[in-house]
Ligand SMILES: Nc1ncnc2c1ncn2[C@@H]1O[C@H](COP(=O)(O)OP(=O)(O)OP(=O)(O)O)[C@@H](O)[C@H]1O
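First comes one chain, alone, set out as structure tokens in the form predicted on its own.
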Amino acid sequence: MSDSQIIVGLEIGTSKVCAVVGEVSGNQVANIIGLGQSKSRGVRKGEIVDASVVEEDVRNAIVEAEHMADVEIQSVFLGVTGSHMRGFNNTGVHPVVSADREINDADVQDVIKNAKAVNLPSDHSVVHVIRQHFSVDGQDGILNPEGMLGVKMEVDVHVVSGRYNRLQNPIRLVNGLHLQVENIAFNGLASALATLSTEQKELGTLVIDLGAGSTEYTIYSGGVIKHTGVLAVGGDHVSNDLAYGLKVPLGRAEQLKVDNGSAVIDAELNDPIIDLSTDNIIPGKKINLNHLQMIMSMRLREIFELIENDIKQAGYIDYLRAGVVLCGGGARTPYITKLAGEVFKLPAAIGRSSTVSGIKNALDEPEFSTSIGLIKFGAFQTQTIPNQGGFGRALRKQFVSLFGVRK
């Protein structure tokens, strides 16, 4: 299509590096045309710990995606995560000073600018400032105040921030491969963009991305993001628990998790013993499946309970009328939705990237949600930045000033 553009989402994860190529039409419909992935070897808890091997893994994923899509990738939208990232809500206030008290575009930009003036630790930088709702003279829930009359205007925003140097590490790595980083996005936001419908965003949904090294979560309600968070705990920690509890090597624990794992204990197992007597590394070893499932269930339950406690403290547990959506590699765990339903006391489902089209095996697998969501994020950014001043351009300027990336 002549009016389409190529957008690439890149996720440098703990277990895999994934690059997804999307063709986005003029009406912002995304079609996935390429997918490249590589085993990730130098990432822990969602952050780079060995840049040289990660660089090779990213290169391999990019080359594979280029071959499948038959395009040359020159720039990417990069997903970021880590325990250093924080999400919080903030409010900006602006007095309307014009003689007729009519709110204009300059007033809107000023109140947003005030909302972005947050007190962050000196080593932190803003990643997202996401607009929620305006209020004018105490009238809440206003989507666009321009043209209204008022004395005082406020805007509620959700801010996502992270440590500058730890955000810079993956950006510098990607730039070192002669790829431009168009923008960065919090992985939890990207996963929500990929998996949620407009109705789910409106009703209120918690999206949990269960990765190997970290777990991100995002709450949408009333059509806007209300809350985000990160836990530096994921599927790798389940494997570590199994290795310790079952007294087996980590590689064997990972395989046992994949082959026999469950988020709940299956009391009706006919043969609850796995015989590893022929194993060269641990000959004569026998594994009780109930014990394996109990270890997995306890760790996964703990992750869900930590998230539940956080959103209860934030006051959002009653906002989740559409329940819980799970994605990421951990969402493949059998009965994971049953466990989530028990902990949150809400309906739970596996997230599918139903709002885009293209390669079926990418859309149906929950572990590709972040990369696909980065394409949707990129489509929004490229639509906003060239065609508008104001909020989109301000975000772009902020990104350039923080990370030194040029268009």
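Residue positions are given as counts along the sequence shown, with the first one as 1. These numbers come from a predicted model, not from an experiment.
The form predicted together with the ligand is left out here; the points below concern that form.
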- If contact means any heavy atom within 4.5 Å, which of 125-133, 311-319, 235-243, 153-161 contacts the ligand in the model of the complex? 235-243
- Would residue 332 count as a contact of the ligand in the model of the complex, using a 4.5 angstroms cut-off between non-hydrogen atoms? yes
- Quick one: does residue 218 come within 4.5 Å of the ligand in the model of the complex, counting heavy atoms only? no
- Item | is_contact(residue 257, the ligand) in the model of the complex, heavy atom dist at most 4.5 Å | yes
- Task: Would you please decide whether residue 205 lies within 4.5 angstroms of the ligand in the model of the complex, comparing each non-hydrogen atom pair?
- Result: no
- Task: Note which of 213, 92, 229, 145 lies within 4.5 Å of the ligand in the model of the complex, where distance is taken over heavy atoms; exactly one does.
- Result: 213
